[in-house]
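One chain follows as structure tokens, the form predicted alone.
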Amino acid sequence: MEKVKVGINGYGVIGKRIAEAVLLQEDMELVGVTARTPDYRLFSADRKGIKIFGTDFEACNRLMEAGVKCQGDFNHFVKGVDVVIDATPAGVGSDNKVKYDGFEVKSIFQGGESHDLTGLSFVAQVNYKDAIGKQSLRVVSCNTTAICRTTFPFVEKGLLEKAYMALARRGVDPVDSHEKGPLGTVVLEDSIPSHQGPDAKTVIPNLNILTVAVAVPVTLGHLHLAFLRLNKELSKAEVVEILKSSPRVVAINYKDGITAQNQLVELMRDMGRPRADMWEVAFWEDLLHVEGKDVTFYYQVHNEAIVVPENIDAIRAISGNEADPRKSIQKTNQSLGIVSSFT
């Protein structure tokens, strides 16, 4: 099978992670990444042998002046790819899509863009087959991805009556913590429901969900408090097994000393994860509570990493190189080191 030629437009928090994930795939070739301004991230990419293109002719000159080898401008970049991952700042996707479509290149956008941009919002285990052969799609945000992973197994089995989610969102990405983010306060989302619930419904249309969210002064990731109302009573063991059946959901335990976000991040470091990335959703099994038809549990979301495997699966789906979602998920999980247990 011919390798899919992939380009990453943008080399920030998400773009650099997707680029390195593409390099691990046997059925993909990383053509290169784009950049507007030279900085430490580009110097690192250059040392790793990743080809770098300027977003335009002037950007290419800036890169060269800084000692970063530039392979050409955006036109050179886009002509060499089959699929573009758009990892640019939120809100510029619509302009970029016009460019991609003009070059007849398939495109994958991130959760900062609206569902209407592509008409297809993607989470691999939910709607992979719907994405096969599409011209463009949108991988949903970190929070929405996590919500879909934890609720879909119950929806798929016809067990979920209503999901209520309370989100404690990290205030800012670690790389930007010197510039912005709440400090000594909690910032309310500007509406109820928060946008994550309606966004999850673009992936799981029959999901009955209500979400609320606040931003908190941490940078380690998000913590969700899930309240599920089932349509019949299940035992705790049955609920846990349903959650574990989700291909990128992992059980952890409070009794093992994982009592806070930072300890789970430390576990990722101890496991040798690149950048301490956690691609899985981790839920606290021993704290999960079942009372009649009501289920309550906590889970942690690494906002910098969780969408990386979804983007890899999206590449396979949109290119048509793999028709079976289970096979794609398995390939991605194996290449990245995604596990079903951290012990």
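Predicted model, so just to flag it, every value in this text is computed and none were measured. Just count from 1 along the sequence shown to find any residue number.
Quick note: we don't show the form predicted together with a further copy of the same chain, though the next part is all about it.
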- Message: Taking 4.5 angstroms as the heavy atom distance cut-off, pick the stretch from 216 to 224, 129 to 137, 79 to 87, 94 to 102 that is near a further copy of the same chain in the predicted bound form.
- Response: 216 to 224
- Each of Asn262, Trp284 and Phe297 near a further copy of the same chain in the predicted bound form, meaning some heavy atom within 4.5 Å? yes
- Task: Taking 4.5 Å between heavy atoms as the contact cutoff, choose which of Glu179, Asp116, Asp270, Asp190 touches a further copy of the same chain in the predicted bound form.
- Result: Asp190
- Does Tyr164 reach a further copy of the same chain in the predicted bound form, with heavy atoms at most 4.5 Å apart? yes
- Task: May I ask you to check whether Gly158 falls inside a 4.5 Å heavy atom distance of a further copy of the same chain in the predicted bound form?
- Result: no
- Query: Are any of the heavy atoms in His289 no more than 4.5 Å from a heavy atom of a further copy of the same chain in the predicted bound form?
  - Reply: yes
- Any non-hydrogen atom of Gly184 within 4.5 angstroms of a further copy of the same chain in the predicted bound form: yes
- Message: Can you list, in sequence order, the residues from 18 to 40 that come within 4.5 Å of a further copy of the same chain in the predicted bound form, counting heavy atoms only?
- Response: none
